[in-house]
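Presented as structure tokens, the chain that follows is alone, the form predicted alone.
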Amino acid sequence: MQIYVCVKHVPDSAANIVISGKNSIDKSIPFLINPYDEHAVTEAVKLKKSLKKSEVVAVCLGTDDAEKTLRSAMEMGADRSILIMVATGQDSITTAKALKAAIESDGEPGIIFTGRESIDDVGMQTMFRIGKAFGFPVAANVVKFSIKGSKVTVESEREGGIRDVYELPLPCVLAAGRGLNTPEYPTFPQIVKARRKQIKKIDFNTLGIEKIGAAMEVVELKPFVKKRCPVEIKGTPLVAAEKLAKILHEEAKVI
């Protein structure tokens, strides 16, 4: 079985992200593999170990710098990878089309894994668009996974910890959530071994993707400024506790 994992090259959330111009960020900051995609890679590698004659292929849309993310995926166990070279970021519509074209030109997917979302755009659209493009069923925020024959059973977590159980036929698209597994980070020998693994590069412009009327673009980026309004709560401990509880219930709406 060919197992594909779609990964994204994203800014390190711990970095000091600075807006450059009107709708982009300073690209000199560190970039890395999207954290949710680490769970996708880990599950794909785990599945490979349980199946005969299977391989894990990581696929990414990005610039030359995205090689770092693909190397990370291969260090975690992916056998090889595909980099779709593009100069600028694309919306989820075009991204899904590019990923589909690259995967189709490479082989026949048995399962396509993705992360549940990317930490930069947080659109949670790409996995559904990939599924639509291929005509595959999709399960999002998967926190439990098993396979038997030509079907998989998954548990998808919703808000409040509620889980939906689905049985999907293969091939399908599964978006990994944090509860699915604990990412297995590479050892030094795995890092060295990954340097010899193949990264196939494909020019985005050779994929023949037609532009359509429906599209999304980043018009403007603005820094998020959280306004704080400190309020002094006076009175006895009992009165202060009652006032605090009222604020948390009526204003913060957390209780």
Partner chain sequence: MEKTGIFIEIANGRIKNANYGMITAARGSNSELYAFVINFKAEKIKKKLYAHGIDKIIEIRAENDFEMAWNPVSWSKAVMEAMNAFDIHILLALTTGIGKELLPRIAAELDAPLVMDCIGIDFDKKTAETFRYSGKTIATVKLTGMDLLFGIKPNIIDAVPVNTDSVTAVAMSSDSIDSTTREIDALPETKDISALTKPEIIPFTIKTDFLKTTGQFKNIKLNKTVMPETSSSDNFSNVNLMDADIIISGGRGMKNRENFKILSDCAKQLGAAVGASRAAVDSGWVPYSMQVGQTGEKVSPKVYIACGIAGSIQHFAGMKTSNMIIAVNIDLDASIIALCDYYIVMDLFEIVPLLTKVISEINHT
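Please read these numbers as outputs of a predicted model, since none were measured by experiment. Positions refer to the first chain, counted from 1.
In what follows, reference is made to the form predicted together with its partner chain, a form of this protein that is not presented.
Asker: Whether residue 135 contacts its partner chain in the predicted bound form should be assessed with a 4.5 Å heavy atom distance threshold; does it?
Answerer: Contact check for residue 135: yes, within 4.5 Å of its partner chain in the predicted bound form.
Asker: Decide whether residue 85 counts as a contact residue for its partner chain in the predicted bound form under a heavy atom distance cut-off of 4.5 Å.
Answerer: No - in the predicted bound form, heavy atoms of residue 85 and its partner chain never come within 4.5 Å of each other.
Asker: If you check in the predicted bound form, is residue 158 within 4.5 Å of its partner chain, heavy atoms only?
Answerer: Judged by the heavy-atom cut-off of 4.5 Å, residue 158 is in contact with its partner chain in the predicted bound form.
Asker: At 4.5 Å between heavy atoms, is residue 21 in contact with its partner chain in the predicted bound form?
Answerer: Residue 21 lies outside the contact set for its partner chain.
Asker: Under the 4.5 Å heavy atom criterion, name the residues of 1 to 39 that approach its partner chain in the predicted bound form, in sequence order.
Answerer: 11, 12, 13, 14, 15, 17, 19, 25, 35, 36, in sequence order.
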